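Next comes just one chain, in C-alpha cells: the form predicted alone.
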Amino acid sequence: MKDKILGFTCAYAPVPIIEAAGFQAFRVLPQGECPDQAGQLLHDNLCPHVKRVLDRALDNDLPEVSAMVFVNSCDSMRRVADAWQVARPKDQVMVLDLPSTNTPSSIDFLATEYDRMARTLFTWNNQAFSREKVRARIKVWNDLSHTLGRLETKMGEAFYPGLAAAVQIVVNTAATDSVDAALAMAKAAVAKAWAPARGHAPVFLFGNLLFDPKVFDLFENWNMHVTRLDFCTGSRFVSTVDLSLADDPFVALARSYMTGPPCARTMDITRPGNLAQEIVERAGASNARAVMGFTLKFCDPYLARIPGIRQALQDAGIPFLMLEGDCTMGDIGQQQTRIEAFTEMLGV
C-alpha cells in the first residue's frame, strides 16, 4: 500500500519525522506552468516562492496531498498557510513556529514544536507514536547527508560536468519522493567514474531557492564550475542531524537545525554577522575563486543580509555577483550575459 502524501514548503520541516509517521514527504516547490492566481488571496508584492506554491494549489497541480506542514519562517510563509486553507479546505494543515535565534531557550522551544509535529502526524496517519521510528529515520537521513557530502567534496576538488545537476536531482528526490530512493541514487553517483574537464571558473553558490537541475547545466554551459550548492533546496536541506547531542531525537533535530548553516532569517545573536563570514569560509573550503548569490525577489531576510555579505567577500578579496529571480527558467536565461561576463572576468 502506497504511503499517504504529506506536503511541506520549508527545509526546517524535518523529513525524518514525516517518514517516521508513515507519510511520503513531498516538498511543494515553486515550479510548473500554473497560471498566476495567487493574487486572489495574497498581495502581489510577496516573494514568488509562496505565490507559485499557492498557484499550484489553486490549479490542482499537486499529487494526492492529504495534509500540509507549514513553517512560520517568515510573514509570507505564514500568509500562504492561511491562504492554503481557503484554496484547499479539505487538507489537514499544521503550522510550526520557528525561532529566529539559536539560543538554548529557542532550541528547547523548537524541540517541543518537533515533538508536537511528530505526535500530530502519527495521529493523522493512525500510527502509534514512536521516538525510535523517528531516530531510525534520522539515521537513514544522516547516511544520505554523509553520502551527499562526499559528492560535494568531489564538486570542490575539480570540475566534473553534470555533477552539480546530479547532486540536485538527489536532493529533489529526497524532498519529493523518498530518502531511501535518494540514498540509492547518491551511492550510485559516488560509485560513478566522473570524467574531469578544464576551463571553467570555480564559483560557490548560495541563496534561498535554486532547485531545477537544468539551471546548473546552463551554468556549466556559461563557463561556471559550481563548487557547492548552499541553498535551502541544496546542501542546507540535507544537513546532518547529530544524534549525540541529546537522547531525545527532537532535541537533537532542533539543535542540529538551529546551529548548522543558517538561512538568512535565523540569527546567532552572539555573532550577528556570522552568515557573511560563514559564506566566506564555505566558499574557501570548496576551493571557489568567486561567489554568486541568488535570491528570490521580495525576500527581505536575504536582501537585508547582502550588504554585509558583499563587504565580507570584498574584505576577503573574493569576487561577488548578486542576482535576483522569480523561480522561472526564463528568468535564469535573462541572466546569461551577466554570468558569462562574471566567469570570463575570473580569467580561467
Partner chain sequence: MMYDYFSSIVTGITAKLEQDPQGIHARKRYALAVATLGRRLYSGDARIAWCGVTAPFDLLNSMGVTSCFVEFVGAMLASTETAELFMQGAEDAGYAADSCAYHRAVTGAMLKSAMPVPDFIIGTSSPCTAGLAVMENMAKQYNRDLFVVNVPQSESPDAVRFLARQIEEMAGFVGDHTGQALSRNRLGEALELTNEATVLIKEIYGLAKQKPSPVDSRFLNNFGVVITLFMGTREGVDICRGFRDELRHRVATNAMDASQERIRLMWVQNRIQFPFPLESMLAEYGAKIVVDELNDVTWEPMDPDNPFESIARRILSIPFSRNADARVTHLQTLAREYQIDGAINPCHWGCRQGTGLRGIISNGLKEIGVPVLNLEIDCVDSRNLAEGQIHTRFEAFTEMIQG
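Worth saying up front: this structure is predicted, and the values here are computed from it rather than measured. Residue numbers count along the first chain shown, from 1.
Not on display, but discussed next: the form predicted together with its partner chain.
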Requested in this report: Only one of Ile169, Val95, Ala184, Leu218 comes within 4.5 Å of its partner chain in the predicted bound form by heavy atoms, so just point that one out.
Outcome: Val95
**Report entry** Residue among Pro89, Pro196, Gly199, Pro272 with a heavy atom within 4.5 Å of its partner chain in the predicted bound form
**Finding:** Pro272
Query raised in the report: Quick one: does Asp247 come within 4.5 Å of its partner chain in the predicted bound form, counting heavy atoms only?
Result: no
Requested in this report: Examine Val65 and determine whether its closest non-hydrogen atom to its partner chain in the predicted bound form is within 4.5 angstroms.
Outcome: no
Query raised in the report: Heavy atoms within 4.5 Å of its partner chain in the predicted bound form: does Ser76 have any?
Result: yes
Requested in this report: With heavy atoms only and a cut-off of 4.5 Å, decide whether Ala83 touches its partner chain in the predicted bound form.
Outcome: yes
Query raised in the report: Where, among 150-158, 172-180, 233-241, 109-117, do residues come within 4.5 Å of its partner chain in the predicted bound form by heavy atom distance?
Result: 109-117
Query - Non-hydrogen atom within 4.5 angstroms of its partner chain in the predicted bound form for each of Asn72, Asp300 and Arg305 - result: yes
Query raised in the report: Though the partner is not shown here, which residues of 25-47 have a heavy atom within 4.5 Å of its partner chain in the predicted bound form?
Result: Gly39, Gln40, Leu41, Leu42, His43, Asp44, Asn45, Leu46
